[in-house]
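A lone chain, given as structure tokens: the form predicted on its own.
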Amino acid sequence: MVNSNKHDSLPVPGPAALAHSQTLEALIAAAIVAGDGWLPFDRYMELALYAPGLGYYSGGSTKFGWRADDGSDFITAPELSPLFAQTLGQAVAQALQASGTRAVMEFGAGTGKLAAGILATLDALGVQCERYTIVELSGELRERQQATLAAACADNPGRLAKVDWLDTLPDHFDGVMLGNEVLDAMPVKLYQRRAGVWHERGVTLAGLDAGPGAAGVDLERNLAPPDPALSSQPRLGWADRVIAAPAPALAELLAEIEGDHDYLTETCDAAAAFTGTVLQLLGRGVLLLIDYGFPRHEYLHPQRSGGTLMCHYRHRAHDDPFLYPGLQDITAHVDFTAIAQAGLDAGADLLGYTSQARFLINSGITDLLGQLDPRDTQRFLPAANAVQKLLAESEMGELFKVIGFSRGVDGRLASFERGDRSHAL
């Protein structure tokens, strides 16, 4: 069964999931009413993804998986191939040795496969890791991580004993911190240039006055009739407010966009703030962040006039963030220039910035693949195909980037030795 009213290629959720989405949408509607008829998009995205017990990441949806029929919405690199975790484990080993530390902290650990692979790799390399901490907000994902790690460490209870979970950041940390596809799921603000005038894009409800200087956006999805199954629910839609006096930093950023044509873009204020915060608590060590995105001159390219906001539902990508709130992922590409500046402002050193392909090659992924026997086609061919996806420019190799920061570490990591693009930030 598909939702013929909104996206004819997307399946309709079952009754329980629809009820869950209705509850969250009612919560969002109440926030819009409390905000005098208008909610900044970053606040909408925060509620849609993280409202306690209802948001996409704080609720119970499957998220990670291979196919739509397993209830999942997307697949990440650790799910794609164990070689990703093994390779990243080698980079983490370098960072632990370079910093003289013995602890790892992972943000948003997904299903736990990355953590399991890194721990096994560190043991195989003889690099001591005394504590592996996972910072996870989702109770459902924490349970999946615990199950994954328990299975992976069934023959090594001592390895499992190293793992602990937090739902808030500690006051101080020495070691290696890492996040794979964490920044892209942090709320973004939306800005629209229309007829030469800049607006902040927000969310409103059918029949509400969105406040002074606001106007509904003439988009196909704006206040479109809801799905028949949600006919009693409030209708969410876009509304733009003129930015009368933008803050100097915002005015400077928007002025970088060439031309006078209509243009939509995002700012990743939350991701930059997160980067600065975790680097402020880092006493000695390294932070590695992997995500899809661009340096600012590419992010704000005049031809990127539609922005990068994207939603993922049952392994299909689309651009409607109002479809089934709480049941779909909402993401935006990362402005890595903003992330680099946040790290430098926090007093950290920039270790490097490069493509995922170059980082993984520098860290030894092709050597790991070469250890497999190509005559064992049932094992080798799937592994080779996965590595191709991780490295190919047309797949994840170029779109995904890796940025690294450090405190108290002399020199640089081998993972950034070749192909460093820090000069492009």
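Numbering starts at 1 and follows the sequence shown. Predicted model only: the values in this text are computed from it and were never measured.
There is another form of this protein, the form predicted together with a small molecule, and it is not shown here; the text below is about that form.
- Contact annotation: E136 falls within 4.5 Å of the small molecule in the predicted bound form, judged by heavy atom distances.
- With a 4.5 Å cutoff on heavy atoms, Y191 does not count as touching the small molecule in the predicted bound form; it lies far away.
- A residue is said to contact a partner when one of its heavy atoms sits within 4.5 Å of a partner heavy atom; G108 meets this definition for the small molecule in the predicted bound form.
- The closest heavy atom approach of L149 to the small molecule in the predicted bound form falls outside 4.5 Å.
- The stretch that touches the small molecule in the predicted bound form, counting heavy atoms within 4.5 Å, is 109 to 117, out of 317 to 325, 257 to 265, 156 to 164, 109 to 117.
- The three marked residues, A272, F294 and S355, fail to reach the small molecule in the predicted bound form, with no heavy atom of any inside 4.5 Å.
- Scanning C129, V182, A85, M177 against the small molecule in the predicted bound form with a 4.5 Å heavy atom cut-off leaves one residue, V182.
- Proximity to the small molecule in the predicted bound form, defined as a heavy atom within 4.5 Å, holds among A338, L141, A98, C311 only for L141.
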